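Given next, in structure tokens, is a single chain: the form predicted alone.
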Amino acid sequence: MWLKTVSENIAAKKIFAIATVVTGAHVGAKWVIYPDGATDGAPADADWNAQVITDAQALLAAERSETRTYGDAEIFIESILPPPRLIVVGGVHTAIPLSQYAKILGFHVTIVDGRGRFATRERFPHVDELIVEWPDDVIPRLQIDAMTYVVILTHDPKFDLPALKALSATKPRYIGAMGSRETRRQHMAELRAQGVPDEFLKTVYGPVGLDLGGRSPEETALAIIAQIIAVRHGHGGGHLQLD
């Protein structure tokens, strides 16, 4: 039964962990643990169940697998993760090197732009998905989870504000938005006035990217992908985020 669940989860590109009892009571037992703490097939009478779930959630967040000891039992917790996904809102010039860097690093890359002249296969032959729609229309339909990173490069309130408002109902690992500090402050104030929670707005990285001192689109893209990698692995470094 657990194998069928694992196969379905992999096909659906879900995030989950497999816990396997290596020694002790229930040796050989396997079950599935999800990021929200839900489980499939966990031993009902094991006194270490709650701790295994907590540890699995932490390992999933860290993208790691480990063997942990719980009294007389050793349990191997294996994180099963789909490729990280990068969603780029705005098919501007910076999006070209950014999507190329992301593909090299193993990301599944999606470009979203309602302007057909920007979102073309001629400009982005290497990306996995090219969606010519307005961001706020398409975001609710995309699979956005803890393996998803979103970068808004449009630098225009007509795109930025609806996109961020739509994203406020999701839980990606990272959201970065292009724009100066003053522009970002104005956008944040407008979104607060529209009822977007301050707790969400504080998670948005803006101005986007690490402070590498670069100026060209390629250098800007490098600063952005560097920030994404830093966030992915829980490291800091020169963020340009608002105070």
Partner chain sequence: MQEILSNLQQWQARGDETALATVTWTAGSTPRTIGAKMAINSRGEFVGSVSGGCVEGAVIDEARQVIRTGRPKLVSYGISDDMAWDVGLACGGSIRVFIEKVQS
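Residue numbers count along the first chain shown, from 1. Everything numeric in this text was worked out from a predicted model, so none of it was measured.
Below, we refer to the form predicted in complex with the partner chain, which is not included among the displayed structures.
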Contact assignment for the partner chain in the model of the complex, among Thr203, Thr39, Ser65, Asn49, heavy atom within 4.5 Å: Ser65
Option touching the partner chain, based on a heavy atom within 4.5 Å in the model of the complex, out of Ala226, Ala25, Val22, Ile15: Val22
4.5 Å heavy atom contact, Leu105 to the partner chain in the model of the complex: no
The partner chain contact in the model of the complex: Asp137, any heavy atom under 4.5 Å: no
Close approach of Glu129 to the partner chain in the model of the complex, 4.5 Å, heavy atom: no
Exercise: Glu78 in contact with the partner chain in the model of the complex, heavy atom 4.5 Å: yes
Heavy atom of each of Ala119, Glu219 and Leu222 within 4.5 Å of the partner chain in the model of the complex: no
Listed range touching the partner chain, judged in the model of the complex by heavy atoms within 4.5 Å, from 204 to 212, 170 to 178, 26 to 34, 189 to 197: 26 to 34
Direction of Cα pair change Ala169-Ala17 in the model of the complex, magnitude 3 angstroms or more: farther
Inter-Cα distance between Pro172 and Ser7 in the model of the complex, nearer or further [3 Å or more]: farther
